[in-house]
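Presented below, as structure tokens, is a lone chain in the form predicted alone.
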């Protein structure tokens, strides 16, 4: 963990210098989603006994954890590896590969938690009935970890900056609108529903929504999300070992 923190430290120092601007920019999209879907399209709609506004807020939190964790870890690593070439120095440092991988992913977790909590505070001013519990916190941390390691994996596999943009367009964008963020999966056909259950954001949204609305927790979704976390962790280790040879 000490080696991982050593890798994380430089990214934390950069975040510390500009965290107000970072929060402002990362809050824009979720707040706009909240206004457009929660107050605009969803006004007066009831979702399984709760207002659409309370229904959509946990989904937007899951979405925020995905985008900020992925970009916070992946984009940073992509720039360091392909533009500044500073990642090569990390590979030559006397640091174990697991510590190096963890250190590069943790900045995404920090950014994801920071943005998600900031949006949650804003959302609770509008919908004070959101329930914050230990399972909600654990689910949020797992979501940030999962997508941070996905970002690291994508950055390690990318051969250019355009590859990261392509990954975002082909993977993150469909999950944004199809991962159960803005609608209930009970409203879609069975075949499509099974396809949407293959998306990690779907399970993050389901678990965080159940925890925030004090509903029975879908532990299956928690286990599936944990499975994605270990898959991305393992993929990142394989890519890092191949790169260090």
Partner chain sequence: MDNIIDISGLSKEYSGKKVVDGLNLSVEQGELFGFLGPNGAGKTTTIRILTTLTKPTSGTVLINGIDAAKDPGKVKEVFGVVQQHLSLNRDLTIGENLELHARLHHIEAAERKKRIADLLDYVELSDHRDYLIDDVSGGMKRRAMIARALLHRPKLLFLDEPTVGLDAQTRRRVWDLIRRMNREGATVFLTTHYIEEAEALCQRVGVLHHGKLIAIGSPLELRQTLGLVAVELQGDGNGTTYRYFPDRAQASKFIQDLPSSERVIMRASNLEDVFIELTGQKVTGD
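In this text the structure is predicted, and so the values were computed from the model without any measurement. Numbering follows the first chain given and starts at 1.
Note that the form predicted in complex with its partner chain isn't included here; everything after this is about it.
- Annotation: in the model of the complex, residues 7, 86 and 91 each come within 4.5 Å of its partner chain through at least one heavy atom.
- Think of it this way: in the model of the complex, its partner chain has a heavy atom of just one of 118, 130, 95, 171 within 4.5 Å, and the residue is 95.
- Among residues of the shown chain, residue 24 is not one whose heavy atoms approach its partner chain to within 4.5 Å in the model of the complex.
- Within 4.5 Å of any heavy atom of its partner chain in the model of the complex lies no heavy atom of residue 223.
- Taking non-hydrogen atoms only, residue 231 never approaches its partner chain to within 4.5 angstroms in the model of the complex.
- Stretch 75 to 83 is the contacting one of 75 to 83, 130 to 138, 157 to 165, 143 to 151, since its residues have non-hydrogen atoms within 4.5 Å of its partner chain in the model of the complex.
- Annotation for 11 to 26: interface residues with its partner chain in the model of the complex are 13, 14, 17, 18 [heavy atom within 4.5 Å].
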